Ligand SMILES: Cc1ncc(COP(=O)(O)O)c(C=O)c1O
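Below sits a lone chain in structure tokens, taken as the form predicted alone.
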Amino acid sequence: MQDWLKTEPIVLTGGRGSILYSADGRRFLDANSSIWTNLHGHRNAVIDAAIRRQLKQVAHTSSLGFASGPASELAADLIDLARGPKTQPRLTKVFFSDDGSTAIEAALKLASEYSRRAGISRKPRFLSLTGAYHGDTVGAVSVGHIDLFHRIWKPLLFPTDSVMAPACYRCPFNRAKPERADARTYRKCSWECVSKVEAKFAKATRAGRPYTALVVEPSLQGAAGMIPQPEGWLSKVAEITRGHKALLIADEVMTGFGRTGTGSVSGPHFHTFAAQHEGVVPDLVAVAKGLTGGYLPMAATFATQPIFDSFLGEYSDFKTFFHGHSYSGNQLGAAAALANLSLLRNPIGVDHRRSLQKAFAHQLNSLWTQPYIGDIRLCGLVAGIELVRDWRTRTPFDLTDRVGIRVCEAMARRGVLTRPIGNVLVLMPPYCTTSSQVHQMVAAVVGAITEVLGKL
């Protein structure tokens, strides 16, 4: 905050597509989609028109005891996009809220009460990954495990357990020496990260204190440093979780709506959610950020039918889900989200995302020549570029060196805006980004690293 007060911030006043404009007349590429929210670019004509049409009807009405057309249509659309294999539990219900933290908060409460009523666990116990970040409300912070963010709030939190995250680049069980490639592609291990999860569940079950749920970001952990999971990890862990009668809660706040790639499906089909890449259908899913295409704050929590049914009863039973939000199911947000989903389904848009994904991977591959880049972690249209002192030893920079911040400041001077996670540079372009704009983003990374670290 002290550093912030010493500087003059870039005041953003406009945008179109992947470009943002500042009050002093400069233009910038939005290289992190306005903190991971914007999907189709700024001032998208389809979403703009949908919001204007809804404004002619009504902006917001309460969802507490009432319903609205846009929210009902959106819920049906979301459930359709979340369909999975017939052999797995089907997500059938949607609970709307305001942002990613509230979506996770609702999921934790639903899991806790369902587990108690189903006789799975008398007292809720949650397991999440080291480096987990699931939001800033008290429940969401309780299942988070990044000391820098969460330690100060410990007196406010309920206790949860953590288990090893599958972070191949810095995994203590990875016997492979550093190479100029994504660490997942050359790792040498025996899936110890999966064994640790099994051991944690087994210990809790033997002690008679089983876990209520495992909370996980599918495909990659965002705030942990854009750390992707090796292929197969999620499906293995999902099987372990269900084997111990626990629920699987997927935090798709950042990973949802195509961020992690279109997948192996072809034609107009694509994976909307990260868990779909491995055929996993969680019991609860939290979404936000890209739900409205980055236009308005809105979130949702998906649940299976058994979870929903556990809250049914006579009025005198008081079994209802005692949790609600004033702006739940907001019509303007729902209208924007419906337009966003129509754009995601558009075959032309699907084809463009596939092309953009290839161009993104190709441009990032050129960065391996940079000596201060230790790992380039690519997952669909999300990239985490870790800066290190020595790539041969993976020696990190000290956080107090502010290397990530300084490089991002240098990128801004080159017309590219993003925000680091410690010493990890994040590139997450909007889906409307062109190949030449991707080239500009990567060129800004090279120029900024040379400016900040070239003399070391």
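One rule holds for the numbers: they count along the sequence shown, beginning at 1. It should be emphasised that the depicted structure is a prediction, and the values quoted were computed from it without experimental measurement.
Omitted here: the form predicted in complex with the named molecule. The next part is about that form.
Contact annotation: T304 falls outside 4.5 Å of the named molecule in the model of the complex, judged by heavy atom distances. In the model of the complex, at least one heavy atom of D99 sits within 4.5 Å of a heavy atom of the named molecule. When the named molecule is considered in the model of the complex, G329 lies well away from it, no heavy atom lying within 4.5 Å. Residue contact check for Y133: one or more of its heavy atoms lie within 4.5 Å of the named molecule in the model of the complex.
The partner is absent here, but in the model of the complex a heavy atom of M254, alone among M254, A274, L129, A107, sits within 4.5 Å of the named molecule.
Segments offered: 274-282, 99-107, 174-182, 202-210. Contacting the named molecule in the model of the complex at heavy atom distances within 4.5 Å is 99-107.
Residues of 200-221 that come within 4.5 Å of the named molecule in the model of the complex, judged by any heavy atom, reduce to E217 alone.
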